[in-house]
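Below you'll find only one chain, the form predicted alone, shown as structure tokens.
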């Protein structure tokens, strides 16, 4: 195999081989992505694949998980380019197809976990999170929609918080997040909880109770992202660390809320009682932000936020 894929650790190199056996056209993208990995990040990918092996997942199965995400993205991009909208716009339309389908969610979550290392924009957001997450403040950490569990595991492993809690509507996501933490943080039992629950049903989250709130790749999956942001502003302490990621013009099988520009997201964040401390705008690979706007291409967004002095009251979400 040609460099830089040949420089990967053994499990990761084997995974790349199996991905390219099934999709040779993915070689250029994969090589460019792997070239951006630091030695430590390549080692973390290797350790993640060892975790998957401990769960009984074969390299061939992991390749299929990853390609499930790739194939979904390509199909939905074709639909988006043709129709100028996402395929679905209601939570109920995607719940049965995605969140309530354990087999699909299993493949999707493991595939998405690997994109943290193998998709440059996802890698950049993970780096942004690790750089900005406070590690010396303690208090209560809350994550809404931990999905594959990588961010929540990072928070648990840091030992920075007195309590860590994750809430997700998907049983498959909850199970995978628990498995990831149990594998990588075996001495932290009792210091975290992960539960299948709607964020808005968590009535034991009183106002100003969280010192850190993380919500990665959730807003584009809901009908009323403003309601989620207002609820976050309510639950956050005045000095809380708030980390949120989302995307614009980013078709996926379970994306239902379409933003057309980063400025739209910025405006909504501010309207919901939050202030932008730092923002990361990541254009489509090989394109500028200006080209993405002209061609309606995906831009990934990541924010470090803080609570504004007078946050609007939250409303009830409808999905």
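Numbering follows the first chain given and starts at 1. This structure is a prediction, so every number in the text was calculated from the model and none was measured.
Just so you know, the form predicted together with a small molecule exists too; it's not on screen, but the next bit is about it.
Partner contact region in the predicted complex: 97-105, out of 153-161, 203-211, 229-237, 97-105, criterion any non-hydrogen atom within 4.5 Å of the small molecule.
Although the small molecule is omitted here, in the predicted complex none of 49, 60 and 175 has a heavy atom within 4.5 Å of it. Using a 4.5 angstroms limit between non-hydrogen atoms, residue 170 touches the small molecule in the predicted complex.
Among heavy atoms of residue 216, some come within 4.5 Å of the small molecule in the predicted complex. Though the partner is left out of this view, residue 109 does reach within 4.5 Å of the small molecule in the predicted complex, counting heavy atoms only. By the criterion of a heavy atom within 4.5 Å, residue 86 is excluded from the residues contacting the small molecule in the predicted complex.
Among 79, 184, 91, 128, the residue placing a heavy atom within 4.5 Å of the small molecule in the predicted complex is 91.
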